[in-house]
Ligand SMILES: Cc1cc2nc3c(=O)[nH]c(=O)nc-3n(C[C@H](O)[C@H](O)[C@H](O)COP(=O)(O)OP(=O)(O)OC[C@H]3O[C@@H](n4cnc5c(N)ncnc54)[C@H](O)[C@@H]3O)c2cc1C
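Presented as structure tokens, the chain that follows is alone, the form predicted on its own.
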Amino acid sequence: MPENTETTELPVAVIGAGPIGLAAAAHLIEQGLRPVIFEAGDTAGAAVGKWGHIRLFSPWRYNIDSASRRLLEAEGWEEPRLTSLPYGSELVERYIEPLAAVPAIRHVLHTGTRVISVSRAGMDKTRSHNREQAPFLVRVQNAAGATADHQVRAVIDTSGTWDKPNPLGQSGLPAPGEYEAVEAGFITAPLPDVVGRARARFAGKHVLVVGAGHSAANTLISLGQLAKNEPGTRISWAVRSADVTRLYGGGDLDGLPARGQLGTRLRQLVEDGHIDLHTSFTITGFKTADTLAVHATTGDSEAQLEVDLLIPATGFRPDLDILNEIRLEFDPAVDAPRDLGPLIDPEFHSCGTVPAHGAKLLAHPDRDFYIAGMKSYGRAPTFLLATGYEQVRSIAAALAGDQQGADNLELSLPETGVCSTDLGGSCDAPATDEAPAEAACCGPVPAEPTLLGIPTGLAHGRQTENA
């Protein structure tokens, strides 16, 4: 279908100003396209700042996008030592903030501006006639509640999943009383800085951690450190599985020493009685009073825990409500674009086994609409930062009419083991300055590499009805 000349003169909307969103803008600029960036937070990289106390286990050389680097270097930016491991706060201060300050980015970045809906101008989801020629309509809301509509030629949604943690109840649903417990302050945000900024909130309290991924392991280790110095601090850990042996990894026999170290430390905290472990623990409800009553089933019996605070470590999922008027096509299992879903299903794939992919796999029925970054992975936790950079490079090329460039995927990642559900994805092998990781991972880890990853033992690939 021929392009609408008036539409092609419009900017491309980028939703989210994290590292992937800013990379999308940088690649659009290199392609001669005009981005407009909407960031809900007060600053670029606002979500990363919320876990600034966490150290990435991928060194700097894997965390910098190529087009973003070129923009930064033109402004005299000095790159960090590429083999060092940045904290989240360093990623913001030394990379995201300087990139957001580059004039070509700064002039098109709207912070404190939340996208509340995306549609096609003049038509809802049901209208088909001349749909591809109609511009997109992006409705935004500022901190004061005022709304505005922007017409754009294309949309790249890189808004991530940080603001939508998975519920704590069974069957993927919130437990009765969960919303009330959150509102009352008993349930915290994921990955709180329990030994730093939030220390006073957790010191001397009975804290329950729910979940069995890297986030849970990292938080439990930190709480163990807090309990050593703050009398009266109690730690409980609840998991749905009946046996946590596999969560501890291989210990000294583990081929990845840092991973084995984490499992050994976590096991020791449990065996020494510093962490009270509850297995087969399925939360069925919450009741709030002076403390939080956590009701659960444990096999054939019922249980109740009285705690002061609960830290969720159950992963994240995408917020798709703002896209209700866009024609989308998702994989039914992981809420990723249909063709991408089978390639990233965490039951079958690890960080390194997910192939490079770009605009073709990320496309939806509404032409020129893309979801990229962690949000494109839906509920799958296998996302890599470098993969997101390649996604938006390919998308920018496609939007510029360079189909060959869009199809020429340039990323090659080795298989590195399973991923977990920290901030929406991380490999299980942390890097050190002496032995940098060979995979470009975007996942958090405390200052001491403490990561837990357990291979599934399953063949890589999902059986389909036609297989």
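Everything numeric in this text was worked out from a predicted model, so none of it was measured. The first residue of the shown sequence is 1; numbering continues from there.
Omitted from view is the form predicted in complex with this ligand, to which the following refers.
Here is the short version: of 64, 29, 47, 399, the single residue with a heavy atom within 4.5 Å of this ligand in the predicted bound form is 47.
Contact with this ligand in the predicted bound form, judged as any non-hydrogen atom within 4.5 angstroms, is confined among 289-297, 303-311, 108-116, 71-79 to 108-116. In the predicted bound form, this ligand lies within 4.5 Å of some heavy atom of residue 322. A residue is said to contact a partner when one of its heavy atoms sits within 4.5 Å of a partner heavy atom; residue 163 meets this definition for this ligand in the predicted bound form. Under a 4.5 angstroms non-hydrogen atom cutoff, this ligand in the predicted bound form lacks residue 405 among its neighbouring residues.
Interface membership of residue 15, defined by any non-hydrogen atom within 4.5 Å of this ligand in the predicted bound form, is confirmed. Although the partner is absent from the chain shown here, none of 337, 356 and 366 has a heavy atom within 4.5 Å of this ligand in the predicted bound form. In the predicted bound form, the residues of 13-40 lying within 4.5 Å of this ligand by at least one heavy atom are, in order, 15, 16, 17, 18, 19, 20, 21, 38, 39, 40.
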